[in-house]
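In the structure tokens that follow, the same protein chain appears in two forms, which are kept apart as structure 1 and structure 2.
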Structure 1
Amino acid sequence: MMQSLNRGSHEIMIDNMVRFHTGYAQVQDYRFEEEASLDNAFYFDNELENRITATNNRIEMVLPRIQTFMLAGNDYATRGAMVMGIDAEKEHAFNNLKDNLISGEFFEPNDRKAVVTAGLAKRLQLETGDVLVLIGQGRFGMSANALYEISGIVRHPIREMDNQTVYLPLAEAQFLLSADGYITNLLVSTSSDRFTNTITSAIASEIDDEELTVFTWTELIPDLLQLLEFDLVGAYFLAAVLYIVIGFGFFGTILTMTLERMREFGMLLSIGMQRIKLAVVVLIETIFISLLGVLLGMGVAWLFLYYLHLNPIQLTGDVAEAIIEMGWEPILPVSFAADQFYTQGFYVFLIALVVFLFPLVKIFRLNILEASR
């Protein structure tokens, strides 16, 4: 149960992080990590795209982004915003960004329009069709000021980003920032996290002698990963505690059952039932009881998880805030993999076998006279 919840949260969180934020791998100028400035952008063209894509056939595509902080405002207010020039088609192919549109639509590559994330739009009281002012600096200190019509408002699954992102068409952003042809980040996509390391090292050897460097998503967000691992350890620990609790509960049942039946066992030995036969009967009983418990438990858990699956728990209050801070969605989704049920059922079965040791030892040590007293 807990693991289901946890795994569900983690899968979604990693997915969101990778698809909306970091990519599975990311190419940057080697100075960018130290100083995330437009000055440390790098030149990106078809030639580079082809070279990187060709390094490994697990690479699906690359997504160029140019991003920098600017002031975003209107008549009403001004806020710091992460301005991100993107290839909207590619982003959509990677993370279905357009499905998150709340209103309006995405810009075409050559439009001079912006898409604003929902949180930012709310703070600035912006709606589709309004005008957004962007004020900041471009590459090498060039001033960068412009007005954009808002073509749409989109919800970003990572709350922090949702509160501060402005999307521009890549070409428009490059123009605004005096960075024609330049990008700051190149996200690399693959079909599964399993290939992250493979593609990263393939790219690394290709760009070895250039002023570029490549990171895996885990290298880009180590803090988050740590949190995640800690969380998983917590989940396993919790599971272990649960198994111990289940084990002791079950042990208690079998213990009482065994002790209550000592007289019966003694009688059976008296009239001529072999200890080994008696042990087999009790083993069958123990397994039967545990299976019944497992099936019942699984049934209830399945129903419960299914319910949660259909109706994820909406978290509110402090917990929700804390989770939003971490970039989760404030819901508790569940992982719904059948193998978890089998695994846990198997564990319970093992517990039954361990618990059976008690009646087993009792039966073989049983002194008939003491038992029948």
Structure 2
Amino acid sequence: MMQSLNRGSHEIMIDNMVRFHTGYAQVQDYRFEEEASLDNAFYFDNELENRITATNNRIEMVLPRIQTFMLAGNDYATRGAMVMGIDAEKEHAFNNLKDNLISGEFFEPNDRKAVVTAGLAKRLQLETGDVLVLIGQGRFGMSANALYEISGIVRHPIREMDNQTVYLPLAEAQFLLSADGYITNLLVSTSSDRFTNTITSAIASEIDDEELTVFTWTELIPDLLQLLEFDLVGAYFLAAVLYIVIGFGFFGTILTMTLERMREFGMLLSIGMQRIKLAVVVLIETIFISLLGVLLGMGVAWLFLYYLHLNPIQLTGDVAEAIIEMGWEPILPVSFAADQFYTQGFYVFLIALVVFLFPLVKIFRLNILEASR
């Protein structure tokens, strides 16, 4: 339960980062990672799209984006903004972006309109129908200035991006930035994270002779992974304490079982049973007890977590408001990652083997006459 609740929030965070920010894998110009400039954009057309999607049948789609930082403003204020040219239909198919609209509507591919995130709209006091000013530089230092009507306001699930993002139709953004046909990022979508390394290797083999490179999402956001791993340290420490308690409880059970059966052990040895065979019998009993407990514990835990999955714990008060402000549901999600279950069984099995050392020593040191009396 403890690990499931902890990892459930982590999975939502990673899922949002992958779907809205990095993709499972991402193709870039090899210079873009070091210098995220429009000068390091690359040409994207149907031929390149077909080549990449053909590398592995696990690839569901590719999402072209062009992004840069510009000044966004109106009559009252200006703010730094990340301007992102996107294919709205593909974005929605990948991350349900349109479902996060809080007012207005998304632009069509050929429109000269913009969609801004809720945090930026609040900072600039913008509403649907207002005019947004964008000022910046395009490719190779070209001037990039334009006015856009705001067609919609969307709440972004990543707070940092919610405070600074402006969406434009891909073709319009390329025209504004003097980068017709060019993109800065090509996101790759697959059905599951477990295929990421496979499709990344396939894409890398296809583009190894070009000025392109491909990254997995773990390579693009290592800081987030380190933060989540650090957050898990506390959970692992509490789990270690819990395993110590479990170990002593298990030891008490085996100790009682062993001491109560000393006469039985003495009788078995006195009629000719080998000590090694008696030790094997006790080991089988120990494993049977631990296996029964593990299966029962896993079953109860799975049912309880499934109930929490159907009826998640609702957060209220200031905590709920903070979670909603970040664009997430005010609930405690649970994780059904398989390793949460089988690792517990593995650790309990190790505890059982350690505890088994006590009856093993008792059997091999047992004085038959004393035990029989």
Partner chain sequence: MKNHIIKTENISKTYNPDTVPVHALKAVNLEFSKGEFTSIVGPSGSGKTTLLNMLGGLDKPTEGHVEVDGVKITGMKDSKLIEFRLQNIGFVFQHYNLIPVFTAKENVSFIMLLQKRSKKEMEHRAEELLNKVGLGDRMDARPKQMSGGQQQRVAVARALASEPKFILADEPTANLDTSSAMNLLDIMEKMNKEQGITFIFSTHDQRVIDRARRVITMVDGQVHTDEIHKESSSTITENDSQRIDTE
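These figures come from a predicted structure and were not determined experimentally. Whichever C-alpha set is largest while still superposing within 1.5 Å between the two forms counts as the rigid core. Numbers given to residues start at 1 and step along the sequence of structure 1.
Here, the chain labelled structure 2 is taken from the form predicted on its own.
In a rigid-core overlay of the protein, E264 has its C-alpha displaced by at least 2 Å between the two structures.
With the core superposed, T253 shows a C-alpha displacement of at least 2 Å between the two structures. Once you line up the core between the two structures, the Cα of F356 ends up 2 Å or more from where it was.
Core superposition places the Cα of L242 3.7 Å apart between the two structures. Overlaying the rigid core between the two structures leaves the Cα of M298 displaced by 10.4 angstrom.
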